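One chain is shown next in structure tokens, namely the form predicted on its own.
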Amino acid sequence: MKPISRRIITIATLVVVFLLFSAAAVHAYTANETANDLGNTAYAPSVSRDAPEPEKDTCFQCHITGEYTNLWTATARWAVFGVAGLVFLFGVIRSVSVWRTREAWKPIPTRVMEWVDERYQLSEFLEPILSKPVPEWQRRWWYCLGGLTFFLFLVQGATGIMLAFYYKATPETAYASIQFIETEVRLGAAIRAIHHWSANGMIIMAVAHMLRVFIMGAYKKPRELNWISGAVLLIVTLAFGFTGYLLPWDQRAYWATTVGTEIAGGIPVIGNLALVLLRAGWNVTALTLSRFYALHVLIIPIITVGTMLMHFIMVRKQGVMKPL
């Protein structure tokens, strides 16, 4: 066996021993003894046939019951030992790689990108997109309004997913779930506030972006479809706000939705059809809440993503119109 091989085996053994020792030490310091002694508990004959209650992990249980006593102690210990172990392991791997190849260390992100590109040749597709130069006049702030709208849409998606974990779309539990998010869920009120204000900001940025396009005449030939797709995006942005308004199921949301659907019902010829489609009937009921929730989290996001993709492709192909 070559000396380099014995060195690698020795180092790998030391790394494994160090990680096992770190894991054992962390577990010994963070584990708590079980509160109930099952051996001293007497069970009735009918109860003894039931399956015993599984042992609850104290770290997970504090999140479930809302008990946050010493929450950061165990987390800090795991973070310190985990980061130290990862840093040590990375240093060993980097040193062994340099010893074996006698070449400069190549960063891990570069290795991953090369590994993926070797199999899917993504660089051939992305290079024309990412290497396109941006003129100086396109870097002014009013050309960033569309990008800000897209960024706020991403914020909406991220915070909306977080809220959906706790929201219940039924008339009996909708308002209670909102109150639970506001008062019980850690950072729940902040996440809901971000979701609320980013929705307002998304509407403002979309309107400002369309005003900029209109003032500069960027809707003219050959960019007519860009303007149409942008108008569709503004409509679905307003639909986001309208469908999300009912979800708290409080008095303000209920009557605002009633008034909004009545306005839709006043459209000539198709007013009654629009009213029935929005309310899932003639009145605002539990079916209305379910329909608005499905529109808010499924139908409208799909339409928005598809329209945005078309909009971005057309902007990329045709470019941004030069200022007047």
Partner chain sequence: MTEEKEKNNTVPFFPDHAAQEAKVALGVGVILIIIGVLGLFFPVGLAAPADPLNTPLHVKPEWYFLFLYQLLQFIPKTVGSTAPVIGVAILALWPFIDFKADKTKKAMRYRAIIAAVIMIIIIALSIWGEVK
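From a predicted model like this one, the values you see are computed outputs, not experimental measurements. The term rigid core refers to the maximal set of C-alpha atoms that superpose within 1.5 Å between the two forms. Residue numbers count along the first chain shown, from 1.
Only in words, not in the display: the form predicted in complex with its partner chain, which the text now covers.
Heavy atoms of Q251 reach within 4.5 Å of its partner chain in the model of the complex, making it an interface residue. Contact annotation: P107 falls outside 4.5 Å of its partner chain in the model of the complex, judged by heavy atom distances. At a distance threshold of 4.5 angstroms between non-hydrogen atoms, V87 is out of contact with its partner chain in the model of the complex. Although the partner is absent here, H209 sits far enough away that none of its heavy atoms falls within 4.5 Å of its partner chain in the model of the complex.
Contact annotation for the candidate site: V15, A79 and V92 all lie away from its partner chain in the model of the complex (no heavy atom within 4.5 Å). Of the candidates A164, A158, I235, M113, I235 is the one whose heavy atoms come within 4.5 Å of its partner chain in the model of the complex; the others do not.
A heavy atom within 4.5 Å of its partner chain in the model of the complex is found for exactly one of V98, V83, L122, A231: A231.
Residues are counted as partner-facing when one of their heavy atoms sits within 4.5 Å of its partner chain in the model of the complex; in 163-190 these are Y175, I178, Q179, E182, L187, A189, A190, in sequence order.
For P109, the Cα coordinates differ by 2 angstroms or more between this form and the one not shown after the core has been superposed.
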